[in-house]
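Given as structure tokens, the chain that follows is alone and in the form predicted on its own.
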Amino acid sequence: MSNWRIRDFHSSDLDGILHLWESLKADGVEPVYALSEVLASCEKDHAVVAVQGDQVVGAAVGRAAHDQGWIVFLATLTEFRGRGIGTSLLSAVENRMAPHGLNKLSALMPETETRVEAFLGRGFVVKKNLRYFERTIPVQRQELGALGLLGGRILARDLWENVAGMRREKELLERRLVLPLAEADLADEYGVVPPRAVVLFGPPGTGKTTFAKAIASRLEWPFVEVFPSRLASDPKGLAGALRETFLEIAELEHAVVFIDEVEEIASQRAGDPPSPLQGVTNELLKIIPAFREQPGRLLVCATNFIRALDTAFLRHGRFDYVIPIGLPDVHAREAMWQRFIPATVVDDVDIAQLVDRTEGFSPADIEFAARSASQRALEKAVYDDGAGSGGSADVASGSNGRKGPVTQDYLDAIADTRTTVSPEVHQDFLEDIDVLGRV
């Protein structure tokens, strides 16, 4: 005789759902949906339970999406199987979802699940030749509001791949930062503590900001840039606004926090009486240890003048790594030119010559020279080759068949480009690597 009954889910049933989940795992069945998703749907969507007395012996959870419903979870305790509980649960949850006007009700089951009688009994049909694809989105919907208030954003997923060249720097950042943060459980097995804060230093225009964004893109974490110059106008003062900003960042589950030109708020403390900025430096030194206690976050500070930073700022315990980002080598310059030259003419341009002529150029210098060459070539095609006519037909390829920049256009642009990094600055950078770098 049946002594169980079906009723709506109550919040007090959460322990029973957890017990059902664990019973599935004990039977070697890996549920399709994560436990957190199931519990969230129990509270927000449609859930029914089978109970015997006060014990939850089965549960079904459904979710409606537009005109289609999904069975998120169906389980019955082992000793209660074969009594028709699963079929009754499916019927009950379907009735709860009926007001949505669903056209289809679907369910995803792991390959190891062999007990499918409940679904077949309710008229479900097994679909052949289907594959299930899944990708986890690290940023939760409820975080978007807080992220927006901070001025943060979700960056495109391909930024890492789009960083042309700089192979050594990318490999170092991938190994030291991305790997232990993206594979935190694996890192823990090896006793590796994921980094919490790093400094990127190097001459201007070498791509420190680009790398910070690429790290966030690679991890698929929100990117939040802190602008001290904007915080300075806050009624609480720069130190107070900085503290408040980091308290708001603490509400996010994951984040890459970026402070550019950090020397503006963390310069060497000196003088009597203390300068107003010393209070800001002191506040930042207090913030970093608290920030380091929160998993799933990375602070990236960038500076062009690492020698200007306060010595206490760089010590061990605050920053895990102090990583140099220097001028691109031969391979990096070649990759950059390959990227910036239009695909229609790249095979006709002597890239090796451009690489040789741009030794000592920063990535920003190379990009500027490439854009300048394209602009010059366009103007020649319109105003010189076209004898000043400027007609649309002339613009398309030039009256003499010219289709884009040639090697000489790039060489002329290179010759007219003033490099950002002087030999003296580059030599100082090399010395800083030996004295202050920590990788």
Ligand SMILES: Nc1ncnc2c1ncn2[C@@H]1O[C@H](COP(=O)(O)OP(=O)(O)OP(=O)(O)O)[C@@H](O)[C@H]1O
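Just count from 1 along the sequence shown to find any residue number. These numbers were taken from a predicted model, which means no experiment stands behind them.
Quick note: we don't show the form predicted together with the named molecule, though the next part is all about it.
Q.
Checking a candidate spot here: are M166, P203 and T206 all in contact with the named molecule in the model of the complex (at least one heavy atom each within 4.5 Å)?
A. The answer is yes; M166, P203 and T206 each reach the named molecule.
Q | the named molecule: the contacting residue among Q338, T210, S91, N282 in the model of the complex [heavy atom, 4.5 Å] | A | Exactly one residue meets the criterion: T210.
**Q.** Proximity to the named molecule in the model of the complex, single hit among T76, N304, T245, T358 (heavy atom within 4.5 Å)
**A.** Selected residue: N304.
Q.
Against the named molecule in the model of the complex, would L108 count as a contact residue? Criterion: heavy atoms within 4.5 Å.
A. So L108 does not count as contacting the named molecule.
Q: May I ask you to check whether P228 falls inside a 4.5 Å heavy atom distance of the named molecule in the model of the complex?
A: Although the named molecule is absent here, P228 would stay clear of it in the model of the complex, with no heavy atoms inside 4.5 Å.
Q: Indicate whether D234 is a 4.5 Å heavy atom neighbour of the named molecule in the model of the complex.
A: D234 lies outside the contact set for the named molecule.
Q.
Can you work out whether I288 and the named molecule are in contact in the model of the complex, taking contact to mean some heavy atom pair no more than 4.5 Å apart?
A. I288 lies outside the contact set for the named molecule.
Q.
Only one of 359 to 367, 316 to 324, 292 to 300, 83 to 91 has heavy atoms within 4.5 Å of the named molecule in the model of the complex; I'd like to know which.
A. Only one stretch passes the 4.5 Å heavy-atom test: 359 to 367.
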